[in-house]
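Below sits a lone chain in structure tokens, taken as the form predicted alone.
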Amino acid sequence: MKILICIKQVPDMESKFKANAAGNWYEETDLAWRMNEYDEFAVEQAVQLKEQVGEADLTVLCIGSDRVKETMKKALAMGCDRGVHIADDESYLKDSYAIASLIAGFAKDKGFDLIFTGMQSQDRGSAQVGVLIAEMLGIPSLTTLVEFSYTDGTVNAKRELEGGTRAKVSCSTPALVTCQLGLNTPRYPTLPNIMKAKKKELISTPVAELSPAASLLETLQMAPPEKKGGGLVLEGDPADLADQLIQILKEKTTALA
């Protein structure tokens, strides 16, 4: 059984962000980097499936600069067998369609039985790459999975819908699934597995060799939200505060008009 897991390196969401000089993405210097949270669930589910079926080959794929190799090593330490790095220093300029075309171009002749991706990335949040890959490869996709099982070439799963509703779905392989938060509990790589990961195959392929499709969407400008006016803090006795609030509502709004 051959499995592909697609991951992305993203900045820690607690970082302080600012627009880059071109104004079309965030400034990447001085940021802490990690694996996209949704992708951790994809890696874990693929490793669990390998443990279930016994004979499985796991390839983890990531697009970006050489910096992303550190994130790929975590996936290798979690249990993936090899890594494929698509070297692209300007991957942030590509939209979901172009990114999906890169992955589909790599996967089209590899005979993968299952492809795992995160539901969405934490920086762009488009939730489009997975389904676009499946469409380009002509295989079914099951999205936003919160439960997963596999038996004799069939995936049975539950999808999370609006309002907490869940839908039971199934399909035959080859197929692609996108993983939602809560699907499983990602394992923490042990020190022995971290050491083993350093010896696993990690191949870099120049982005030009895969001839990505042109982006259909261009980010023209990014900027932080405009700062709004400050709030007003009232202090004093409750009775006085009530009078102050009523007076403010009369002067500043039409609530008591």
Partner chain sequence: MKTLLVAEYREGKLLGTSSELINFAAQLGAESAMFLVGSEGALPGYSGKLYLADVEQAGEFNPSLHKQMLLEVVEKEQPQMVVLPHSSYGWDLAPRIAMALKTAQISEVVEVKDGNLVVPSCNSKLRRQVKATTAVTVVTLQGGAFTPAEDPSGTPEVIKVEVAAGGDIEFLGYEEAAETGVDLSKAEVIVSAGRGIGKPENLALIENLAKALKGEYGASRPVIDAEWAEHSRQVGTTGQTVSPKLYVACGISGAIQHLAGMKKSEFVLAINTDKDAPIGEIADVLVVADLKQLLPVLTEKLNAL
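Numbering follows the first chain given and starts at 1. We call the rigid core whatever largest set of C-alpha positions still superposes within 1.5 Å between the two forms. Not measured: the values here are computed from a predicted model.
Beyond what is shown, the protein has a form predicted together with its partner chain; the following relates to that form.
Pick from 219 to 227, 60 to 68, 43 to 51, 198 to 206: which stretch has a heavy atom within 4.5 Å of its partner chain in the model of the complex?
Among the candidates, contact is made by 219 to 227.
Is Ala21 close enough to touch its partner chain in the model of the complex, meaning at least one heavy atom pair within 4.5 Å?
Taking the distances in the model of the complex, the answer for Ala21 is no, it never comes within 4.5 Å of its partner chain.
For Thr144, is any heavy atom within 4.5 Å of its partner chain in the model of the complex, or not?
Yes, Thr144 is a contact residue.
4.5 Å heavy atom contact, Asn193 and its partner chain in the model of the complex
Contact with its partner chain, no.
Report yes if any heavy atom of Lys108 sits within 4.5 Å of a heavy atom of its partner chain in the model of the complex; otherwise report no.
No.
Pick out the residues of 140 to 166 whose heavy atoms come within 4.5 Å of its partner chain in the model of the complex.
Contacts from 140 to 166: Pro140, Ser141, Leu142, Thr143, Thr144, Val146, Asn156, Lys158, Arg159, Glu160, Leu161, Glu162, Gly163, Gly164, Thr165, Arg166.
When the rigid core is used for the superposition, does Ile248 move between the shown form and the other one (threshold: C-alpha shift of 2 Å or more)?
Shift at Ile248: 2 Å or more after core fit.
I want to check Asp12: does it shift between the shown form and the other one by 2 Å or more at the Cα, with the core superposed?
For Asp12, whose C-alpha is compared between the shown form and the other one after core superposition, the shift is less than 2 Å.
Core-aligned C-alpha movement of Ala239 between the shown form and the other one, 2 Å or more
Yes, shifts by 2 Å or more.
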